[in-house]
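Have a look below at one chain only, the form predicted on its own, in structure tokens format.
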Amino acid sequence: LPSRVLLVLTSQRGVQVRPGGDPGAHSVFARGISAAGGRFICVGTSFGAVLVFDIPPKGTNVTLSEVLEQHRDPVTDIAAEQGQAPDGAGDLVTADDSGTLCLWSTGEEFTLLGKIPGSGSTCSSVTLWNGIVAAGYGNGQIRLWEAGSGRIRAQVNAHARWIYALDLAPLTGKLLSGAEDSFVHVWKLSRNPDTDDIEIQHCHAECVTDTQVCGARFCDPAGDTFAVTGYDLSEILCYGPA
């Protein structure tokens, strides 16, 4: 958040914010965490609700300000706008096990702007940048959507197996994807200035041999370096320019 740095933990016991104590929200499990609107933290739950916590500039009085109930399946990921949202586009996206995406406008009250129906494959990870929703799916696809209209603009068969991680570098629009097929890919998102089409370009690939990649993140805002880990892997692998 702009005013403070917090650690948000989700587990089978519920949600904990440190510093700030336990907000008192409990569910079977919680999944998907994102700061939103400058002062809120959103947490997804196994029963499909998104809990919105109001974080004070100081002190421990964390309150549950709103519950967003548009998903019918467990929430898998939540992402806030990392660039500049176009007029009319949402600044928060939530995803669930059915592949459904919900686009929200944040504020004193969160407003649902649109819903993108699922297509039979879980949306496991999602990012939002300059009005572009990038979503990774269990079938290995990456799909790009317009946050304003909800229209699909591109679809890539990016991986051979389940995508577990997406990350975005806000300064450059680079997109990182990691999956069970042992591969990590770096992509570049952009808009064509003449047609306003959303474009995706493949930039780089790394194979983490004999490893099902379950985590991948850029280490800097420009996306020049990234870190990867996998199931049963006791280390974090870091990659950067030669």
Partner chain sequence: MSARTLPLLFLNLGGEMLYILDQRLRAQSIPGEKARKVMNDIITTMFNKKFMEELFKPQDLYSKKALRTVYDRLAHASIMRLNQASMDKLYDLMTMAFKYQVLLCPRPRDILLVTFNHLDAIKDFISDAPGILNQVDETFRRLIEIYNCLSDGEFQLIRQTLLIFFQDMHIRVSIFLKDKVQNSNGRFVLPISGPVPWGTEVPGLIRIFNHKGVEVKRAEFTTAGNYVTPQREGSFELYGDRVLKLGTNMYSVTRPVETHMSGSSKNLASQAKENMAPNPLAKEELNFLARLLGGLDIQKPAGGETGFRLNLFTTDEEEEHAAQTRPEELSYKVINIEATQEPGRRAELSRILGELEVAEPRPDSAEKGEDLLALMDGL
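Residue numbers count along the first chain shown, from 1. Given the structure is predicted, the values throughout are model-derived calculations rather than measurements. Rigid core: the largest C-alpha set superposing within 1.5 Å between the two forms.
One more form of this protein should be noted, the form predicted together with its partner chain, which is absent from this view; the next part is about it.
The stretch that touches its partner chain in the model of the complex, counting heavy atoms within 4.5 Å, is 118 to 126, out of 79 to 87, 105 to 113, 118 to 126, 166 to 174.
With respect to its partner chain in the model of the complex, the three residues N139, S182 and W187 uniformly fall within 4.5 angstroms at the level of their nearest heavy atom. F29 belongs to the set of residues with a heavy atom inside 4.5 Å of its partner chain in the model of the complex.
In the model of the complex, Q212 approaches its partner chain with a heavy atom inside 4.5 Å. Using a 4.5 angstroms limit between non-hydrogen atoms, H71 is distant from its partner chain in the model of the complex. Within this chain, D91 is remote from the site of its partner chain in the model of the complex, having no heavy atom within 4.5 Å. Contacts to its partner chain in the model of the complex (heavy atom within 4.5 Å) from stretch 85 to 111: D97 only. With the core superposed, D194 shows a C-alpha displacement of at least 2 Å between this form and the one not shown.
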